[in-house]
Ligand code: URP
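Only one chain is included here, represented as structure tokens and corresponding to the form predicted on its own.
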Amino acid sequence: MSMLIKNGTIVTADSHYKADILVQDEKIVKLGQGLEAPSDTEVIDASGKYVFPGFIDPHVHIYLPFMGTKAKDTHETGSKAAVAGGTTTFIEMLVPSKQDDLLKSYELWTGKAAGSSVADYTFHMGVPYFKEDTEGQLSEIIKEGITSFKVFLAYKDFFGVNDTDLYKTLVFAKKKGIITTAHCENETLIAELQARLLAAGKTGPAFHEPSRPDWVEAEGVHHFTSFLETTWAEGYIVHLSSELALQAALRAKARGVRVSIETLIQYLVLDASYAERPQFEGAKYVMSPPLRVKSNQKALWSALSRGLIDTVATDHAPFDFSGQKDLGKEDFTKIPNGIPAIEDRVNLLYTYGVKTGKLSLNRIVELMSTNPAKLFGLFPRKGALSPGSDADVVIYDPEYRGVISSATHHMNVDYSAFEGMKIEGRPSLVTVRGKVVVRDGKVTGTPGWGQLIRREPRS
């Protein structure tokens, strides 16, 4: 398999320049100007287009039993949506409940993905408890190349980890060189606020956000970073949504706590008013932490541009509006939490970040490719355009104009959270390890081409 990409503008986290890229045997072998194509090489003309390293989504749910139902995507549909949007590698949350065996859960999640994905993938291993045999089971999973954990400080009695087990998990993670990702809220405060609102007859989707306000998220961030500080472990805050939580995270960083910060594309372009839409339409936008009042967006965009937030992910978790979200029609606490987003992240950040002058081209590569690769043990195999790296390449057409619609997306869900939003630019050609999986904006990749990427612990 050989390919020569000519005449494009190479864009990395720290530079951009005109060059050609030669791909052979799934790898990038040479970059330079005026490269010649060996015989039997496909030549791609990228004139007028940007050439990005494949984007990485570090926070995705594909297989997800949750709140009495299951997320709608399969690894085939979810990965097709991913590559259509320029995401060539995703990290799925492998999230057993407190009743599940960790090794059996690992086998279940990896079995669901095997032979089904167009994109490459790996996992964060959920740790809902720390029992007598947990250390041994997690050690086996680390040997399989899964070198990041996930803990929930929410969803009490289901995913949520108690403080004693959180401490044990972080001590173990520190010993093994594992980074621990965390959903930062306070499960007790949420339960009390939910009960108070329901008792007052406040049952609609608009009351989801008041049941999990920004100070509850900020308390969760402080709680997690206090445990990191105590154990000297390394952490990563997933889906940070608010200015108040951001301030708590930055205070911890200023104290020397080793913690990185992720926000989501939906927090940057949507706000709490979407969850207040009438006729139960707001249920489409119920996720946790919730969409916040619009004033939080300014703080998040500013932090992104100043390098204070490290990644932009999706927390992709698709549930149908009809038949799933409506499980909570009489009680907002029963609405399955999640928004479909894996297909739209890159186009939205380019359109509403780069085109508005909030972010540079280099910064979106850093946020969505290079930083996640470095944080989660994928760099320089992923997140780079350099000799020896996997040939994960996104040729991006900045002249494309379109509108997001559920009528045309690849996600297996009956609505789009970004319905009707205009985009300026899209991937025109995408490769995963040198194989073309998107051509002229259409998905051509074969399910099963994507591989489980096994990683090493961080030193």
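Residue indices: 1-based, along the sequence shown. On a predicted model such as this, the values are computed, not experimentally measured, just so you know.
There is also a form predicted together with N-(aminocarbonyl)-beta-alanine (URP); it is not shown, and the following applies to it.
Although the partner is absent from the chain shown here, none of Ile56, Tyr236 and Phe376 has a heavy atom within 4.5 Å of N-(aminocarbonyl)-beta-alanine (URP) in the model of the complex. The stretch in contact with N-(aminocarbonyl)-beta-alanine (URP) in the model of the complex, judged by heavy atoms within 4.5 Å, is 150-158, chosen from 150-158, 125-133, 296-304, 108-116. Shown alone here, Asp344 lies farther than 4.5 Å from N-(aminocarbonyl)-beta-alanine (URP) in the model of the complex, counting heavy atoms only. Although the partner is absent here, Tyr50 lies well away from N-(aminocarbonyl)-beta-alanine (URP) in the model of the complex, with no heavy atom inside 4.5 Å. In the model of the complex, no heavy atom of Asp120 sits within 4.5 Å of N-(aminocarbonyl)-beta-alanine (URP). Shown alone here, Met287 lies within 4.5 Å of N-(aminocarbonyl)-beta-alanine (URP) in the model of the complex, counting heavy atoms only. Checking Arg433, His61, Arg426, His410 for any heavy atom within 4.5 Å of N-(aminocarbonyl)-beta-alanine (URP) in the model of the complex turns up a single hit: His61. Of the residues Asp73, Asp315, Glu92, Glu209, just one reaches N-(aminocarbonyl)-beta-alanine (URP) in the model of the complex with a heavy atom at 4.5 Å or closer; this is Asp315. Within 4.5 angstroms of N-(aminocarbonyl)-beta-alanine (URP) in the model of the complex, the stretch 325-351 places a non-hydrogen atom from each of Asn337, Gly338, taken in sequence order.
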